[in-house]
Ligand SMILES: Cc1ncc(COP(=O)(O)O)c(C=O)c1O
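Just the one chain here, laid out as structure tokens, in the form predicted alone.
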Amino acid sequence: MAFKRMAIEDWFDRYQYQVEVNIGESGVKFRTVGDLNLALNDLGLRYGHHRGAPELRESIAQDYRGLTAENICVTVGASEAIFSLVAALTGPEGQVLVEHPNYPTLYEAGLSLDRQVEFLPLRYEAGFGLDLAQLEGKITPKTKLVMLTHPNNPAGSIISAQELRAVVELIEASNAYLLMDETYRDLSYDAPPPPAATLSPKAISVSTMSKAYGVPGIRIGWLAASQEIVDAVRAVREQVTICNSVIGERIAWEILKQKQQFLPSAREALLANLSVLKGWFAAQSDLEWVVPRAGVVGFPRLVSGASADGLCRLLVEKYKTFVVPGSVFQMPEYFRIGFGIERHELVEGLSRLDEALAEWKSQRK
């Protein structure tokens, strides 16, 4: 077993606090404590419940028809949920099948734990959509966990309700569980499919407060699953974090009580920003992209097929503007762009990207 730094987190460590403009972030603009108008004076700073505060689990469970708070485990972000599930549900001989591109934790967790990790490629030419026939062909008796992310990070692709049900049928006919990363489900542009966990006891839904709610700093995520899986994850967590921050849990609970007031305005803002991005990309001859169908990120690529690493470094070091190079997703001709930010920041970031792109091209002649 060997753990190593994730390239994406190394990139964030190096640059995210050195820039003036961030158009690479993968969530809505972060909020401040003052924005939330919270009263925390009555909060006891004791150890929290191992599965998460009961009132928070009750609030989360409302989005999972047919499930209760007993089916919810609150975790330190979605990352801990993913790691704990890989540790609990797979063994050294078991195969983990992961959609790619994807946030690297979904495959790095398995690699770090010496699991057999197999990729399920999403192709640009297919709009980064799921290929059900390919998925079926890759599931073997050794497959213990299939991990999909839709809406996808970094590509912004989605899965339909019909496709999700077809995936669940494949899982139920196999030896595997399905982990569906639904982090961006609340930022769907249209009605999303039902949460995977509501369709089968072999399906698990994972989500977080970090992306749609603008509070990544509270480090609160969760999974929805059968009680057996929740208990298995709790056993893993008791060796690592034991419980969550009670402050983070209280903030999450307060926000979720107001989600119907917050989410519509967040979606409206990101759709307006997406319109800005569409106009900008329409004027580009060196870049192409698949227009995101949900979420707050897109994954453009260089038409030439060259690596975007040099462009990304130039942009961040000289133009003080942050994007994420595709090489951290093992796809070097791409980069990730985010549009969950304020409009003026997006416009400024795109202006600087124009300048950096022109300079980068001139250097390569």
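Start at 1 and count along the sequence shown; that's the residue number. This one's a predicted model, so the numbers in the text were calculated from it and none came from an experiment.
The protein also exists as the form predicted in complex with the named molecule; that form is not presented, and the subsequent description refers to it.
Trainee: With the partner left out here, check for me: in the predicted bound form, does some heavy atom of residue 289 sit within 4.5 Å of the named molecule?
Mentor: Output for residue 289 is no: heavy atoms all beyond 4.5 Å of the named molecule.
Trainee: Classify residue 321 as contacting or not contacting the named molecule in the predicted bound form by the rule of any non-hydrogen atom within 4.5 angstroms, answering yes or no.
Mentor: The answer is no: residue 321 has no heavy atom within 4.5 Å of the named molecule.
Trainee: Flag residue 244 as yes or no: does it have a non-hydrogen atom within 4.5 angstroms of any non-hydrogen atom of the named molecule in the predicted bound form?
Mentor: Taking the distances in the predicted bound form, the answer for residue 244 is no, it never comes within 4.5 Å of the named molecule.
Trainee: Even though the partner isn't displayed, in the predicted bound form is residue 103 close enough to the named molecule, meaning a heavy atom within 4.5 Å?
Mentor: Yes, contact at 4.5 Å.
Trainee: Could you spot which one of 71, 205, 273, 183 gets a heavy atom to within 4.5 Å of the named molecule in the predicted bound form?
Mentor: The residue in contact is 183.
Trainee: Please pick, from 90, 84, 210, 157, the one residue with any non-hydrogen atom lying within 4.5 angstroms of the named molecule in the predicted bound form.
Mentor: Exactly one listed residue reaches within 4.5 Å, namely 210.
Trainee: Are all three residues 59, 198 and 257 in contact with the named molecule in the predicted bound form, where contact means a non-hydrogen atom within 4.5 Å?
Mentor: Verified in the predicted bound form; spot residues all out of contact, no.
Trainee: Have a look at 183-191, 93-101, 126-134, 258-266 and name the one stretch with heavy atoms inside 4.5 Å of the named molecule in the predicted bound form.
Mentor: The contacting stretch is 183-191.
Trainee: Which of the residues spanning 135-163 lie within 4.5 Å of the named molecule in the predicted bound form, based on heavy atoms?
Mentor: The stretch 135-163, when checked against the named molecule in the predicted bound form, contributes 149, 153 at the 4.5 Å heavy-atom cut-off.
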